[in-house]
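As structure tokens, one chain now follows by itself in the form predicted on its own.
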Amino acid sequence: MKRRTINLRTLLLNNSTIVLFIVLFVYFGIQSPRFLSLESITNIVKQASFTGIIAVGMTFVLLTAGIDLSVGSNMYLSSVVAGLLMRQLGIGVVEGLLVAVAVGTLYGAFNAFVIVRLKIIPFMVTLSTLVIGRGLGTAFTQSQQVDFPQSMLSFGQIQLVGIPMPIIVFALVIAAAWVILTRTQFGRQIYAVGNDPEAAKKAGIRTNWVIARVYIISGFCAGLAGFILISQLGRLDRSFAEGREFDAIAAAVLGGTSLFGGVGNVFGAVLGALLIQMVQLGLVFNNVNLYLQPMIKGVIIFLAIFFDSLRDANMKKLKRRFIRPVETQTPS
């Protein structure tokens, strides 16, 4: 009986996001039947795609026991540069997308350089670049709103077989990330570095190169997500993408990615992003006070970290249980 209780507790901890998702989905559906409509569900997936893309990039970083607090500022700066070039030089949407992704990737590469070469902890580096990126974007725009051309909104409204473009891009990012993490040597190296960096070094893995690449991937995802998001809005102001880094971290951790590294997968980040967006829309449908909504999101982030801590403690406990002590032989 005790063993069944332990197994049930472990099962619930490992699948806490799924349980929470189902409970909240049913609750919001009962409170407001419109919440269960196809239009509402499609809107949840569409709005979750932006958070999901950066959460996928964040998953790569978290798997190495790192963190990237600069993705929101990266989204802002990438979109600012692309928008200014589209408006002043008249470049097209495709060129603008390439610019945004290039800026985002360079942003991630700068984080990687400082972390790997200068040996500064990721938290401090990305906290600094969070401020720097937002400051650069504000300097470029002089705190003025940037209006994108009509072609940008037309791009944002593209559908393929009735599926909105943001969802298609999100699906492509998920597929690419899944292949990298599960079907490539680089993916296996990411998990190895996250589990034990010293052991990974002894195994011949270039840990610095692995860490650098995950920050570059995170930057790429941020630049892409920023451009896709702005294609839905058509204009950009100083507050664009503010706080998105916390949504990305919460989504990844809610999906089972450990803040301590080595544990997690891309589909968990997807589920976490959907959960966060579902809560936001559910609160709107239930007419929850606008000022209370950020507080509720904060509670969700707290729960994400809390369950991650419980999962990590439970895994360590199970490891200790299955590791046999070395038997000492008595001399004959």
Partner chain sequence: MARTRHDPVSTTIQRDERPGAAEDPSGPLLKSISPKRRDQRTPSQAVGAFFRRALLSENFILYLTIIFFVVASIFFTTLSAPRNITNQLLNMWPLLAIAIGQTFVLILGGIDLSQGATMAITSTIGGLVMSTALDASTYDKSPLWGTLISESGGILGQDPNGWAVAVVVMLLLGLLIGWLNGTMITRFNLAPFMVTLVSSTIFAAFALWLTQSRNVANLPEPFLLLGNGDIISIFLGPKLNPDIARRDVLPLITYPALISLGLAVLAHFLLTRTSFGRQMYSVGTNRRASTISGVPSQRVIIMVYMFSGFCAAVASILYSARLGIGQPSLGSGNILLDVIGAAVIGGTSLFGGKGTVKGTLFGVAFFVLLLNILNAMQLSPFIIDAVKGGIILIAALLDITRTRILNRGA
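Positions refer to the first chain, counted from 1. Values in this document were obtained by computation on a predicted structure and should not be read as measured data.
The next section is about a form of this same protein that is not shown, the form predicted together with its partner chain.
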**Report entry** Which of 130-138, 153-161, 218-226, 79-87 lines the interface with its partner chain in the predicted bound form (heavy atom within 4.5 Å)
**Finding:** 130-138
Query - Contact residue in the predicted bound form, chosen from 97, 125, 173, 103 - any heavy atom within 4.5 Å of its partner chain - result: 125
Query raised in the report: Though its partner chain is not shown, can you say which of 233, 91, 259, 165 has a heavy atom within 4.5 Å of it in the predicted bound form?
Result: 259
Query raised in the report: Hey, in the predicted bound form, is residue 30 touching its partner chain, heavy atoms inside 4.5 Å?
Result: no
Requested in this report: Using the partner position in the predicted bound form, report whether residue 67 sits within 4.5 Å of its partner chain, counting heavy atoms only.
Outcome: yes
Report task. Could you confirm whether residue 120 comes within 4.5 Å of its partner chain in the predicted bound form, counting heavy atoms only? Result -> yes
Requested in this report: Verify the contact flag for residue 314: yes if a non-hydrogen atom of it lies within 4.5 Å of a non-hydrogen atom of its partner chain in the predicted bound form, no if not.
Outcome: no
Report task. Quick one: name the residues from 244-277 with any non-hydrogen atom within 4.5 angstroms of its partner chain in the predicted bound form. Result -> 246, 249, 250, 253, 259, 260
